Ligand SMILES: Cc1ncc(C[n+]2csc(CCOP(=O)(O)OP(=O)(O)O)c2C)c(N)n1
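Take a look at this one chain, the form predicted alone, written out in structure tokens.
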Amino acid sequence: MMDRSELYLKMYRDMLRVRKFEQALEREFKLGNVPGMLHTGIGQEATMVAVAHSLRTKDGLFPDHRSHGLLFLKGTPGERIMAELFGKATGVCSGKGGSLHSADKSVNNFGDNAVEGSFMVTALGVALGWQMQGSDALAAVMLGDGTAGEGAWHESLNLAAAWKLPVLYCCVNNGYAISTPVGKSHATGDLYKFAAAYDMPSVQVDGNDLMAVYEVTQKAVEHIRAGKGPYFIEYITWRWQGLFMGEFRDKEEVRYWKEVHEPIKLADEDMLQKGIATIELLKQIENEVQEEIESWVTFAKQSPDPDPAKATGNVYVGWEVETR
């Protein structure tokens, strides 16, 4: 087992991998190399990394549309995730899944669903199955603050609590549902209070403090594996990008979250202060990560496009759809 300093550095490297991956995606999207829509999770790296390091391969993952980093942190080769987002045949879903539907059975990544909040209900079936089998596996559900406005949110929390299902609710509260501030659309901006009403452990944590997030998530996972039912964590963070070009948020708010209280900067300062890393080591890690991510981009660009004849393959189990 690695010591705390080694774990810190490993998770720091993974935060950089997520950041560089998303930045490369943004760049290639603007160049027209990434088809469809793109929702990045830049600024939310600490949450993704802490959740990934708290899960086992057998645990189910239900990612949301900003969880690209989680897809490869869960165990799928990063170049295959990149190729999937490029719509290439070498992608984890042969280019058919893209950003919203990338799934990988081998690591129990069940993929996202474009119907907001619906995966919160889907996860219940997986969790119930594991409970009936006597497994200590859990279903980790990534959801945003905007999902709190969906009926599926409350239905899922209620049933998970009533049946004590092994579900880890990871609520990434980045402040806005598209452009609506969380406090303007709900009776409270503290969303963990909703979950508490369903009689499950519910906590709020600074989602940009990597080690704090990891410790809280570890505690939640231990609770669930012990058969004590679901756990709800609200990670307070902030997304750098919106769903459209342009900035609608206050300049001081933007400065604070991008320059002062952002997860990689906070980790940099903390590790330097504690003597865990040097400036030279951090720069070395950054360069290594940048090289790794660019190799994934190269792999995706050089990969073949999907064969149109296979477009209707694997739509249903056991039979094929006839093409027109």
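Note that the coordinates shown come from a computational prediction; the quantities given were computed from them, not determined experimentally. So that there is no doubt, residue numbering starts at 1 and follows the sequence shown.
The same protein has a further form, the form predicted together with this ligand, not shown here; the description that follows concerns it.
- In summary, the region of this chain contacting this ligand in the predicted complex, judged by heavy atoms within 4.5 Å and restricted to 126 to 134, 69 to 77, 85 to 93, 141 to 149, corresponds to 141 to 149.
- In the predicted complex, this ligand sits beyond 4.5 Å of every heavy atom of D104.
- The closest heavy atom approach of N174 to this ligand in the predicted complex falls within 4.5 Å.
- By the criterion of a heavy atom within 4.5 Å, D209 is excluded from the residues contacting this ligand in the predicted complex.
- Proximity of I178 to this ligand in the predicted complex falls within the 4.5 Å heavy atom cutoff.
- Between the options A197, A162, A187, V115, the residue in contact with this ligand in the predicted complex by a heavy atom within 4.5 angstroms is V115.
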